[in-house]
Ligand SMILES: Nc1ncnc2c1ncn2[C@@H]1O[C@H](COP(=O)(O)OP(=O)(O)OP(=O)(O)O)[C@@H](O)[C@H]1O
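The chain that follows stands alone, in the form predicted alone, written as structure tokens.
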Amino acid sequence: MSGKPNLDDLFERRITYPDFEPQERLARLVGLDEHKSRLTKMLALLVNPSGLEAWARKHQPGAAALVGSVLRRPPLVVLAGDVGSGKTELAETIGDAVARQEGIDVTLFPLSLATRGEGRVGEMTQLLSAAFEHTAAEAAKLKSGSGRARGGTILLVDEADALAQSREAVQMHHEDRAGVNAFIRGVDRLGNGKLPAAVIMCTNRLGALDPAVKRRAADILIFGRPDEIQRRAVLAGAFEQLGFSPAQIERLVAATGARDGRPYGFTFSDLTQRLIPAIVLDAYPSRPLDPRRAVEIAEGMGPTPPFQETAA
């Protein structure tokens, strides 16, 4: 690669919050309230550290050292878990919650998978460094001396194990090791500069991430497949208003769980992107939805197999 990378080389797109579309997507993520709350609080502290200090003065006087330890955490969160469990959807929409809570604009920069480069010496390191440089520069414009930033930035790294896999892997190429080093330096730069910026990493292979990356994570949120309560919330939200009875929804809940010797049920994306559309399209365009037919479709549709993590 020659010359400085442009934004199209680095980021798939840019999303600015608040915005109604990500707000609606975030609301549809049922069963992840704890993850939403934890992630919103952490990101909010990056743009408004004075909020925690105000909390301590009011509720916990004398906790200056405690507050300092919280605020010194690196601006990195890892979202890890099975495929289709809502990691990326949460990462792409949580900025809206932060923007609305803090009354600011937040910009998401989703790192392009092309950032891995084409294998030329130094390419991935250059691209990663440029991505962090741009994120830091944008965040620096928003920094304020008052303790409340004028806005915030989020760098999203999906399929993070492709960029930050463990340097302990014997077969790891020198260029990949250099890329991991560049990633760590980038996270440290955001943290040391006390910039209103954060990095969110999503991965199906937590065990493949470099130990130094995991050590820097202020939080690691684990995502699983939806349980019975979560599946019921998704399915009732889709079909209850269309006349499905509670008993009929329960049959759908049972059909999408572990059954017939299969130890796992449907993922969130199986429910929202495969099953619900399949039920609708089965009836379209000539007849209304039939709950019995919906159960048949669910029983005949296998869930996505769990991701099998292998040793690096």
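What you are looking at is a predicted structure, and each value in this text was computed from that prediction instead of being measured. Numbering starts at 1 and runs along the sequence shown.
In what follows, reference is made to the form predicted in complex with the named molecule, a form of this protein that is not presented.
With the partner left out here, the named molecule still marks one of 179-187, 125-133, 140-148, 80-88 in the predicted complex; by a 4.5 Å heavy atom cut-off that stretch is 80-88. R28 is the sole member of R57, K41, R251, R28 with a non-hydrogen atom lying within 4.5 angstroms of the named molecule in the predicted complex. Though the named molecule is absent from this view, in the predicted complex it lies within 4.5 Å of a heavy atom of just one residue from S37, S245, S69, Q273, which is Q273.
In the predicted complex, none of the heavy atoms of F266 sits within 4.5 Å of a heavy atom of the named molecule.
Taking the partner from the other structure, the named molecule in the predicted complex has no heavy atom within 4.5 Å of any heavy atom of L45. When contacts are judged by a 4.5 Å heavy atom cut-off, T93 does not count as touching the named molecule in the predicted complex.
Although the partner is absent from this view, A255 stays clear of the named molecule in the predicted complex, with no non-hydrogen atom inside 4.5 angstroms.
Using a 4.5 Å heavy atom cutoff, none of D8, T153 and A198 lies near the named molecule in the predicted complex. Looking at 194-233, the one residue that comes within 4.5 Å of the named molecule in the predicted complex, counting any heavy atom, is N204.
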